[in-house]
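Taking the form predicted alone, here's one chain by itself in structure tokens.
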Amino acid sequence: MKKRIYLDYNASAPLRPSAREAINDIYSNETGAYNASAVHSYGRDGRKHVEDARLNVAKLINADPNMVIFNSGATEGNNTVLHHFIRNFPHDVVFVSTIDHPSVRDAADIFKNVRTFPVDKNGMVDLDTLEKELKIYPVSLVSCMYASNETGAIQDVSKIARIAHGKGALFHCDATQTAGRIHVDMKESGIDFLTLSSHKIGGPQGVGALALGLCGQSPALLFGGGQEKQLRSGTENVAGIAGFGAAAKEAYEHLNHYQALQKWRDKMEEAILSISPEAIIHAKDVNRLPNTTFFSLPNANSQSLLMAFDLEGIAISNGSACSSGSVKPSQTLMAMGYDEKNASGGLRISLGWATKEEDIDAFIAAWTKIYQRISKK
């Protein structure tokens, strides 16, 4: 049986041992009943786990711990912020980028007061166009992801925040792909709302956070129990939150490891271009996440290529993994100016905390084999 190699960290990172241990510690107590809102000793123990995790998550992004609200993940956090402004400021416009996550971008298809702003051929926000657009409309919120989950291109979020604030708007940033991979400083960057998902950094799935700045707005989506400072009702997922906190602590302490992944990524990209000279490495000329490569082969079909890699025991993706397992043309590439045909051949390789150099070598060997086969057709 072939060794299975996982190179799809931007979709979901394998659970870190520290996170697994934290979760197991919760469930191995004599009752397993840690309701962090209860006043008895079990409740107080549960509350300590939650608050310790809150400190670790806040440190990862340099946020005020009291302003970190735990939820089910970035999709919920994004919806919480977007719906708050759409609902409470109906006469103002909310601007979102054309390359954002579907939980942000799809709002533009549903609500009349949501507009999109474009990116250039490298997937970077067109700041001049954004600034011009903000002069035309009354604006309450600007939303843009920190780094693309597909190309890894890192936006200049500080400039976007300044442009938004200069027009009287607040700035929301989905930092799901950047936290734990590059230095993230919510306060220094001027981010008013920042969303995270635990499973992107090696924590458990189904838990995340919305961090608030001192902007005077406190979005809430779920009501009823008053948990999480009245901003996210529902019994806290103590085990999940504890695992998230452990992963955040480890990610912060080993941030340099992600920077070191860049040499393996560059080695892989050099090999891709050597084996298949017509391949396009997207966003290659801009600042990217050190772990991410997104390339396409003209006239290729990503679904066929993904199946070929899977048969070789290598797990990669065609971009966003948030479409219920469907393989569709990359919306990011189409926003960058590629047509549907060219956007259908994109492949994303994303490295992470457990990646080894031998995994890169295995990918290169597999691509050599696959490319030789398809180029003969």
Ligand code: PMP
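No experiment lies behind these values; they were computed from the predicted model shown. A residue's number is simply how far along the shown sequence it sits, counting from 1.
We do not show the form predicted together with the named molecule, though everything after this point is about it.
Between the named molecule and the residues A248, V238, L141, A74, the one pair within 4.5 Å by heavy atoms in the predicted complex involves A74. Of the candidates S296, N78, N291, T151, N78 is the one whose heavy atoms come within 4.5 Å of the named molecule in the predicted complex; the others do not. Shown alone, this chain has one stretch from 253 to 261, 266 to 274, 106 to 114, 198 to 206 that lies within 4.5 Å of the named molecule in the predicted complex by heavy atoms: 198 to 206. Interface residue remark: H101 is counted as part of the site for the named molecule in the predicted complex, having a heavy atom within 4.5 Å. At the 4.5 Å threshold, heavy atoms of I191 stay clear of the named molecule in the predicted complex, well away from it.
Using a 4.5 Å cutoff between non-hydrogen atoms, S97 does not count as a contact of the named molecule in the predicted complex. The named molecule in the predicted complex comes within 4.5 Å of a heavy atom belonging to M145. Contacts to the named molecule in the predicted complex (heavy atom within 4.5 Å) from stretch 355 to 369: none.
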